[in-house]
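This document starts with one chain, in the form predicted alone, laid out as structure tokens.
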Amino acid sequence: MPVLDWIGKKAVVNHHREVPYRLVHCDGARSAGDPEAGNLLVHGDNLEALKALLPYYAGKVKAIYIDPPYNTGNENWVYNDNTNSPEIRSWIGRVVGKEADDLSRHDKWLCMMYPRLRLLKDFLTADGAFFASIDANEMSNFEFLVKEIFGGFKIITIPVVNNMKGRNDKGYISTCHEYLIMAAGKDFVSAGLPLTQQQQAVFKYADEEGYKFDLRDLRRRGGDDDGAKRVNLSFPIYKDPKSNNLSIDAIDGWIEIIPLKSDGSRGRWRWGKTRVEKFIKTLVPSYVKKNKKWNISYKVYLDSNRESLIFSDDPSDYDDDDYDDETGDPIERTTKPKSFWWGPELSTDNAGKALKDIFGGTKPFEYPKSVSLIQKILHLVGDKNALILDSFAGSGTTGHAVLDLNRRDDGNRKFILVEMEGAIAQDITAKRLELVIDGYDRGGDITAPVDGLGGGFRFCTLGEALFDEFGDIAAAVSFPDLAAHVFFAETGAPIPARADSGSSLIGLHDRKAVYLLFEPAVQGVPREAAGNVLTPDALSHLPNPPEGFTGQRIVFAEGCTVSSERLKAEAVIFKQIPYQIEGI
């Protein structure tokens, strides 16, 4: 497989491992709405922020969306990774050059992106997906980067028309699109997209209560299944010649209707006999003049809730693509996502106007993404309880999209946003989220209030590193902070619940019971007296794992006075803090 190489790549391939774990502090004064809503806005370098969040959210994020710098040569961006490589120090931290043929600009951009993507992958669930907006400046390089980092994922590139007028690029073809790169995990299943107005128009009939429906052929036209199933679904339905009444029992004088294939051979119905009998009053017969035959149709409702009230939840006796194979519930009316996205709702111009409305007539951020684009991605992901991560938050479109969609479909999605620039994080991202949560006025000559979406978020900043320059635990570190890091370093999974210093057992994972003996340093108090050493007495008083646990007990402490023989006899592994904490 072709490999992308650039100057400085060797220095950044493993750089994500060298980034220090930092503490995350929440600032109540800059938060808004319900602080318990589970949403975060983190101000800080997104590389360090991702490393700080990893012990809490690794493997829990269903969808990641990022809108990184496009590296057009006309931007000012600073991502200081504090690496020791002389070649990277000469690039990172400087303004990117404007010259289009300055290849070091592309090297620098790739060095900035690689460790961030590497960390982002660790946040995804097995059925999650990564999405990134990008334009032609770095698209080809970025595709190679994503393929390398997200190995084993299905990679799809979707052109997105977001500027119907085209950019004002004199001397070139006027660009009216950019790209959305998607990397889908091995267990990812698309939930489809909402129907367009044109697709909704197909549901042209209405029942007695006004609910719209369409008629679908009860015959199954395609697909050859096993003979037993084909026989089970190939039975006659009888129609009264004087009315549209139907029966599965043969009645003298009634018209026999059998499922026929296009070639005239006997086919099968989508529903089994039991289901047809149960819902026969909902079926609609029709005469096809072309072949002088009767046909049977069934109703498909635009409102799937209406359909669920009418039809059975027992899928055992029918074969219908419009129903879930396991639950029998009607599948939400969706359409297959296409490999090309366009529409006025996706335009950058409309996104800018919407942002201007929120901020009372001023647009504080250039080239924001549209809420509709993010919501299209969220529909594709499908999970109403999904955790969404955006580490290049900008104006906060992703958070706005999550809050708005939750309000529309009663979802419980949560977001984590990271924004590096302090002025943007506080004055634009946080302010936008606060305004859409509480409601705002569009302004202008006529008052135009917009109702709040509800929800809330915590505003967070990055604090001290977990370990100081000498490798010792920093003075500001608390028991819950260290416990989260220790558990993640040992198991690779987030801690099950916030640790309480009242118990040294901080969690169980994969036949491991993880313990932490730690109290923040107190001047004049010996480590053993503080409870930071695994002594024979401390070993005897370790909380017992749940009944039936047969795995190893892993104990983290600053020291150990228990003999190796006793540790082995009691299935205990001692690991010294900080030297034996992996992943530092």
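Numbering starts at 1 and follows the sequence shown. This is a predicted model, so every value here is computed, not measured.
Quick note: we don't show the form predicted together with a small molecule, though the next part is all about it.
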Using a 4.5 angstroms cut-off on non-hydrogen atoms, would G394 count as touching the small molecule in the predicted bound form? yes
Would you please decide whether D45 lies within 4.5 angstroms of the small molecule in the predicted bound form, comparing each non-hydrogen atom pair? yes
I'd like to know if G33 sits close to the small molecule in the predicted bound form, meaning any non-hydrogen atom pair within 4.5 angstroms. no
How about D67 - does it come within 4.5 Å of the small molecule in the predicted bound form, if we only consider non-hydrogen atoms? yes
Of E421, D383, D357, D135, the only residue with a heavy atom within 4.5 Å of the small molecule in the predicted bound form is E421
Which pick from R219, K376, R118, K369 sits with a heavy atom within 4.5 Å of the small molecule in the predicted bound form? K369
Go through 135-143, 360-368, 160-168, 232-240 and give me the stretch that gets within 4.5 Å of the small molecule in the predicted bound form, heavy atoms only. 360-368
